[in-house]
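To begin, one chain is listed below as structure tokens, in the form predicted alone.
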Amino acid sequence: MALSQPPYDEMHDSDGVRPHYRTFANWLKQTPAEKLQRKRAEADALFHRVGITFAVYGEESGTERLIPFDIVPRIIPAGEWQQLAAGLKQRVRALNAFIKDIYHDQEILRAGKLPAEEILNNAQFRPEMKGVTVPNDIYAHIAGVDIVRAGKGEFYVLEDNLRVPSGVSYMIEDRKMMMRLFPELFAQYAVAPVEHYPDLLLDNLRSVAPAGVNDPVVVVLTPGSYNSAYFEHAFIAQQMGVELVEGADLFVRDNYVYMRTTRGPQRVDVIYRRIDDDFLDPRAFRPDSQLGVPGLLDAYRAGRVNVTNAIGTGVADDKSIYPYVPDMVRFYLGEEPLLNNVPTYVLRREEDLKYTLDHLSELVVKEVHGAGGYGMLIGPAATKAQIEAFRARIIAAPQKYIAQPTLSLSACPTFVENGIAPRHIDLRPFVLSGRDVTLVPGGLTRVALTEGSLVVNSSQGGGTKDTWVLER
């Protein structure tokens, strides 16, 4: 799992091309590089025309960027996907059970399976949710679980994203783009579809409406057009056929939530929110928030509206809680985890802190509340000065950090300026919880386009690939 090990090659093994890539490899040999270059340029132009962009916070220009799209797909055999999907469903079931427990009986804390202070003092723990019953006991309705491959090809969970996981619009648009550019490839491969994700999502959201609501009204709540993921908010609302609303479009009366329309107020039953907890209700959380809906928490606690993902869900995707997820699987489900975590050092533990400080040049160190590749040290790629500066930050507040081995993420052929070359990738499947736990076969494959880079985040130069799960 160290950086010095050669990465697992998704396309090749010691005998040559892996079986599930052979058809693609033959097609690639017969396709002139000039055609690939033209197709990539066509993809860029189409993405710009459709407006598939994102904004990077902190950039003075304020301009939106196109997320680079790679035309070489990531291909996953049917058998591998079945194993991965089973592990993802198991993990999300355990996480939902954990969130319910910590806001109710707190049995896992009483059993001593994880330190109570890690939960009760966590910035993402919401005391306002204690004792609140939510439909079907589901808290993480949409989970984006980041998966990496390392070693001899083993899958590891790198991160659980349970607050407002993003990226599903790129999964869908990447597929549309590949089908448009290379229809001949889809005639040769039985690729499982992902285009039905919006229908599956809407069905899941409607299934968790408040009790007694027969024809629930679902809306997507966005912070507005200046948000970096606004394209996705609008895309998902349009694809589901529901209204995209901002906080000012909603109001609460008698603990019911209503949407302002040209025909008068309309009751809202399920809010798919893309706003963080702190900004959802200025009466309950940040009083300076202009993004939320005053009184929303009271309506939610009264069971008159459902909010997805649930308020307070973030406590389960905090990096300080991540090391305990395998124990959650055992505790709540009575099963052994099907997916492993990356080995993790928790720096509030004295022995883990000592080891990390002694091996900073070999490890990845992350802020427990960090995201998007920020607040992070990649030891083997850092200068001595960067390592020493980070050392001081860790010593000042060790509880804010975890450390992990520097994984040599698997590599997939990628079309770069000099032709086809391997680049490191990860995968974010989207797991939905409603009447059942389901997921479409695929996800968002992110690729580190810079040679040798392990950072796949779009905010730091990463791109995306279409993910092909084979049906047979």
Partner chain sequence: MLSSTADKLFWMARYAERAENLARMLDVNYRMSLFPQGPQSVNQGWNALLAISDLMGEYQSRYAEITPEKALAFFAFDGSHPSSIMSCWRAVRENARAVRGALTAETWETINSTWLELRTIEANLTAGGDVGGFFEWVKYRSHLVRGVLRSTMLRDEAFHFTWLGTYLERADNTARILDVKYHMLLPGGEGVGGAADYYQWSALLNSVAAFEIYRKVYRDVITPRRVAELLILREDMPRSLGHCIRQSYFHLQQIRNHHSAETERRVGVLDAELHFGRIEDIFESGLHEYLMNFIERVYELGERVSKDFLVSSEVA
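Quick caveat, the model's predicted, so the values are computed rather than measured. Residue numbers count along the first chain shown, from 1.
Missing here is the form predicted in complex with its partner chain; even so, the following discussion is about that form.
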**Report entry** Heavy atom of each of 381, 382 and 415 within 4.5 Å of its partner chain in the predicted complex
**Finding:** no
Query raised in the report: Do residue 38 and its partner chain share at least one heavy atom pair within 4.5 Å in the predicted complex?
Result: no
Query raised in the report: According to a 4.5 angstroms non-hydrogen atom cut-off, is residue 152 in contact with its partner chain in the predicted complex?
Result: no
Requested in this report: Flag residue 260 as yes or no: does it have a non-hydrogen atom within 4.5 angstroms of any non-hydrogen atom of its partner chain in the predicted complex?
Outcome: yes
Query raised in the report: Would residue 29 count as a contact of its partner chain in the predicted complex, using a 4.5 angstroms cut-off between non-hydrogen atoms?
Result: no
Report summary line: The stretch from 236 to 244, 116 to 124, 160 to 168, 387 to 395 that lies within 4.5 Å of its partner chain in the predicted complex, judged by heavy atoms, is 236 to 244
Query raised in the report: Of the residues 279, 230, 156, 182, which one places a heavy atom within 4.5 Å of its partner chain in the predicted complex?
Result: 230
Requested in this report: Note which of 359, 253, 196, 330 lies within 4.5 Å of its partner chain in the predicted complex, where distance is taken over heavy atoms; exactly one does.
Outcome: 253
Query raised in the report: Within 15 to 48, which residues have a heavy atom closer than or equal to 4.5 Å from its partner chain in the predicted complex?
Result: 48
